[in-house]
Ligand SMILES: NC(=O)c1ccc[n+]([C@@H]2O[C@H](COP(=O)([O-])OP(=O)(O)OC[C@H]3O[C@@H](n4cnc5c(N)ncnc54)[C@H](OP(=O)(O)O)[C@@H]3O)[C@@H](O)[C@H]2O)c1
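Take a look at this single chain, the form predicted on its own, given in structure tokens.
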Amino acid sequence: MDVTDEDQIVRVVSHLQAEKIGKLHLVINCVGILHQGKVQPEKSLRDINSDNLLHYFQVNSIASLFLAKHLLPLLRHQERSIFAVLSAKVGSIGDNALGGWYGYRASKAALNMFMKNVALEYQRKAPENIVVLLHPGTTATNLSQPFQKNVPAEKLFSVERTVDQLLKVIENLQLEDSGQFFSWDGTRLPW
């Protein structure tokens, strides 16, 4: 499904409901873009392009908001449920000491704010749901591949290790953790 197309999200949720899936307990949105074709992380202001910025926000920020909007009926029940979204530590304003990557950083910071707002609304509408943002660490995927050369071997995680680490974080979540931003090791990240 193209998560930037709200109609496709609506169709998928409708399909789930038609299949008599009335509730979900765990949703993990791991959609994101750092580079794709002409879309590349900007190293300076001269690299900023309006179309690329809009694409970053559409994929990295707005798509999760659409998912939260349309999945709410399936997450609104009396059992514990989790809506987890992969963010990135570079989306932390408080942790930004390097600059650059304008579109990616800003779109992840916007994602963090969107999900904080979603968490507050879900507290009222789906009080057993936990909305959480997760930083997976640097994972050996196509997304990080062009940027792995400066990552120490012990900080470059296999997909399997990343999944295991994030599932452990998810297992330990409490209702009061809703709306928070966690790293792969369970520590809270600054906004």
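If you're wondering where the values come from, they're calculated on a predicted model, not measured in any experiment. The numbering used is simple: start at 1 and walk along the sequence shown.
Missing here is the form predicted in complex with this ligand; even so, the following discussion is about that form.
When contacts are judged by a 4.5 Å heavy atom cut-off, residue 71 does not count as touching this ligand in the predicted bound form. Among residues of the shown chain, residue 54 is not one whose heavy atoms approach this ligand to within 4.5 Å in the predicted bound form. Residue contact check for residue 30: one or more of its heavy atoms lie within 4.5 Å of this ligand in the predicted bound form. Proximity of residue 104 to this ligand in the predicted bound form falls within the 4.5 Å heavy atom cutoff.
Though this ligand is absent from this view, in the predicted bound form it lies within 4.5 Å of a heavy atom of just one residue from 86, 110, 119, 82, which is 86. Only one of 126, 67, 59, 39 comes within 4.5 Å of this ligand in the predicted bound form through a heavy atom, and that residue is 59.
Applying a 4.5 Å heavy atom cutoff to this ligand in the predicted bound form picks out 1, 2, 3, 4, 30, 31 from 1-31, in order along the sequence.
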